[in-house]
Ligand code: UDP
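Coming up is one lone chain in structure tokens, specifically the form predicted on its own.
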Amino acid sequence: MQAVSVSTQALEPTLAVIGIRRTNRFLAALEQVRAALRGRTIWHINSTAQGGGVAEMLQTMLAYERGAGLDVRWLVMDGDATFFTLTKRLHHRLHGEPGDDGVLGAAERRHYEQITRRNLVSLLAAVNPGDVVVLHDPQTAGLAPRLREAGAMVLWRCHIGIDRINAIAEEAWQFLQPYIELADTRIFSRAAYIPPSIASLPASVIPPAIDALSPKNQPLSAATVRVMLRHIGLLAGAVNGQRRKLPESFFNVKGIDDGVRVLQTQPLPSPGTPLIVQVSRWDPLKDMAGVMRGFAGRRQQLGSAHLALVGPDPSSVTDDPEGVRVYEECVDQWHALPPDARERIHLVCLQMASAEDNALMVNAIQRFATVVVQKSLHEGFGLTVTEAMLKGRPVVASRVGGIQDQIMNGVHGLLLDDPTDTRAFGDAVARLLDDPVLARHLARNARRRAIAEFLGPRQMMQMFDLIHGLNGSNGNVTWEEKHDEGPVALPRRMKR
């Protein structure tokens, strides 16, 4: 297994964002778990150190937990191409989709367990009885039985799922059940994701969260954002003489010629050009190709707006063998578009050599966006949706998975009942472009909701309370469910 370096981040700045009342509840929960885990380690294990929401979440959450005085460590599983093809198959099927149409039979189980045993050799030598091990997603589920036999407290966390289990999803759950039923508990992003086959077993619902002060979400001035986009190669204008406006941590970012790939034509968008943005991995369930079709088909109704589809360099995301193929399919689709559509659509691949640099680029792109979209076909929980909400950007997203827990339609953003309806997608984007007053009100409501419900301290506190309870005590500190402030009411003339 690969040990991932975890930094130490002071808690005080992020606690200042959530307010006094939540801070007091958080500190009380922290004191309980710190006393319960004295001398013990919390291990987090997943399948990649970069690329995707889980890796990003772990980078920041673990840094804050270390800053809180907890012994927290992060390991990444080692696997071969066959293993990651199999676990990607499971990923699709837990969403109810067939994926590559491969089988989940005896040979696949033997290979899954072979890779699991190989990883257990080093893991069992490091984990002590009484340690807490949090396993993330299907790749790690096979580790649960032996870890629990070794005396560890094992929590298996699933970040994906569907609201209504179909036969395809049930097949994946049957593959995983012998492993996950032997964990001490299971954690899901929403209650609807808990499959009926394990409904009688202990489980908790803990939605993911983001860090308000991470490089991906830290405040950036409008001038800095424009310089960053010029440096990336996505915005017209020269960078020379403007580098002083860049954050110090951004100086290592390589520009379009040697670190960022942008498929586009000339001329580039100007600072006043409306920009529609989707940031996602190159995954078929994120439907980047559908976003492109929807934008191109309704481009006449979208005025002068441009579209940017932004993702990581697919060759650098080791646990997602489909990424390169999905990106290449998007490239082929882009080349087949009429010239007047191509010149307004940009495919952006961001380098992954530095997680911090990558996060800063995403931050700048999201902040420049006029509208952020997330037209996923399935979504466990939309971290990019929360990022846009926190930044005060109006959002158009699919009413799927955890997104419908994040956004109330017409209050915090606009939701698409059918994520495959590209016409409705174009209409929703056009509505926000045509009605900037509505867009600002939705964005303001969204930011308040993100601060109240979807920042790191809430997630950490729920994890602390769960661990404290599994340790034999019942935590008496709970996160306030109601917002400290309700949403901003729309003026009467704007209600529709």
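Counting begins at 1, following the sequence as shown. What you see is a predicted model, and the numbers here were worked out from it, not measured in a lab.
Beyond what is shown, the protein has a form predicted in complex with the ligand; the following relates to that form.
- Distance criterion of 4.5 Å from any heavy atom to the ligand in the predicted complex singles out G382 from the list G142, P419, G161, G382.
- Interface residue remark: L234 is not counted as part of the site for the ligand in the predicted complex, having no heavy atom within 4.5 Å.
- The ligand is not drawn, but in the predicted complex it has no heavy atom within 4.5 Å of G67.
- Contact check for G311: a heavy atom falls within 4.5 Å of the ligand in the predicted complex.
- Put simply, H92 is far from the ligand in the predicted complex: not one heavy atom of it is within 4.5 Å.
- Residues of just one listed stretch (273 to 281, 143 to 151, 408 to 416, 81 to 89) have heavy atoms within 4.5 Å of the ligand in the predicted complex: 273 to 281.
- Residues of 196 to 219 that come within 4.5 Å of the ligand in the predicted complex, judged by any heavy atom, reduce to K216 alone.
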